[in-house]
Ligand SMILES: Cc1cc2nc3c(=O)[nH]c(=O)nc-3n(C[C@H](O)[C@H](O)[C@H](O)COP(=O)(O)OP(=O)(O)OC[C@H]3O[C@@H](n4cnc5c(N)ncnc54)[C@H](O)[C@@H]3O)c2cc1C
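First comes one chain, alone, set out as structure tokens in the form predicted alone.
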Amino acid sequence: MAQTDVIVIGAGPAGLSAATALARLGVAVTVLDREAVAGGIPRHCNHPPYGLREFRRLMRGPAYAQRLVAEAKAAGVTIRTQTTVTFLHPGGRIDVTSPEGVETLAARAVLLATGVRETSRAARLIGGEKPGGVMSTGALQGIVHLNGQRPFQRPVILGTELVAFSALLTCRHAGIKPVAMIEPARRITARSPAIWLARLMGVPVLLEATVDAIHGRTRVEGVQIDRRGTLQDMATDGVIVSGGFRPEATLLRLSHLEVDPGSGGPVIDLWGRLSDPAYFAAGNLLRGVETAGWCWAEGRRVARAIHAALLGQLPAPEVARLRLGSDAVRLALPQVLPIDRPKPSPADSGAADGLQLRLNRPAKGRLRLMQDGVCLMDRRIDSLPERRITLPLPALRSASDVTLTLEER
């Protein structure tokens, strides 16, 4: 059984930045990725902005991905593509399959950085026929930017998260003219200025609207839209099902590791450590989707935590758990909190310096962290789903549960 110091599963921004940072600290690192080429989702996104946080320059996705791979290799990281991890065993042993066959690898620490996937048409319960021409943004970008093909001419785009506007840019690159963007909420999910991209491209944004059914025999021919209770048919030749990101947690759910029902990703502590301390996690596996720059920085931070763990310098896993006390809050990270704040500073130990939250629905009111009947923190919010919300680390009073509540107004 082959053994190394650290195995990283996933060659996107979080995985590659962590691997590079560890290799620069003298750690032997192997990165595994099921795709034929390393670099993650940015390989498919042939538009800016990438690289400002990391390299102080504006880059397109493919150039950014190539830079991440080049830096990892220059640092001494071994990257194995077309290598799929099939099972996680306790203690850092993993089963993999590749063109060379099936094998078991072992490492002192394993970092999970498997990223996210968009919610499929089936999971959204959209009725009608099942013709060709229905795909996620990621699939569209792969077809356009990697294969050089144009899968349709006049699609509709479901959703208005930031990735939906990335789909707009991909359509423009390929000469595709979307007929509409369709959003169930009263306003777009991405920040308001994004709507100007649709307006500049002449693409109407239909708010308070859903697609009830997709029609067509072999190819999409139209969709039925429900807008504020009124049904209408719209001619189109494709459907881009964008956003609704969920952690790519198939491996996790098959393993012995604890899964957070809110995020769908792993339960982690302040250092990105999982319920089995041989495993760590970073990147979009933790929460749905964040920017590439955020994931890159998170990978570097968790790399410091892994290095400290290899040196036996991480504190023992703590027992105070963060619980959700409001159905408006979808997730809060990390779920395991230290009773004492990391010393000398979070940055030195690789610890997170705050909490991350996401909402299930638009909400405003007062967020409170409660422990033993005492309010540890109180903050007003007015936010939308998929928006980043951060809070400073609370000073805990004991090892009892901490409950996050939202008093909506």
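Treat the numbers as computed from the prediction; the structure is a model and nothing was measured. Numbering starts at 1 and runs along the sequence shown.
The following text describes the form predicted together with this ligand, which does not appear among the structures shown.
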{"query": "Heavy atom within 4.5 Å of this ligand in the predicted complex - the one residue of G293, P151, G142, G92 that qualifies", "finding": "G293"}
{"query": "Candidate from L367, C45, A363, L357 lying within 4.5 Å of this ligand in the predicted complex - any heavy atom", "finding": "C45"}
{"query": "Contact segment among 199 to 207, 98 to 106, 280 to 288, 302 to 310, judged by heavy atoms lying within 4.5 Å of this ligand in the predicted complex", "finding": "280 to 288"}
{"query": "T83, heavy atom within 4.5 angstroms of this ligand in the predicted complex", "finding": "yes"}
{"query": "This ligand contact in the predicted complex: L32, any heavy atom under 4.5 Å", "finding": "yes"}
{"query": "Heavy atom of T137 within 4.5 Å of this ligand in the predicted complex", "finding": "yes"}
{"query": "In the predicted complex, L111 touching this ligand (heavy atom, 4.5 Å)", "finding": "no"}
{"query": "In the predicted complex, residues of 12 to 27 near this ligand [heavy atom within 4.5 Å]", "finding": "G12, P13, A14, G15"}
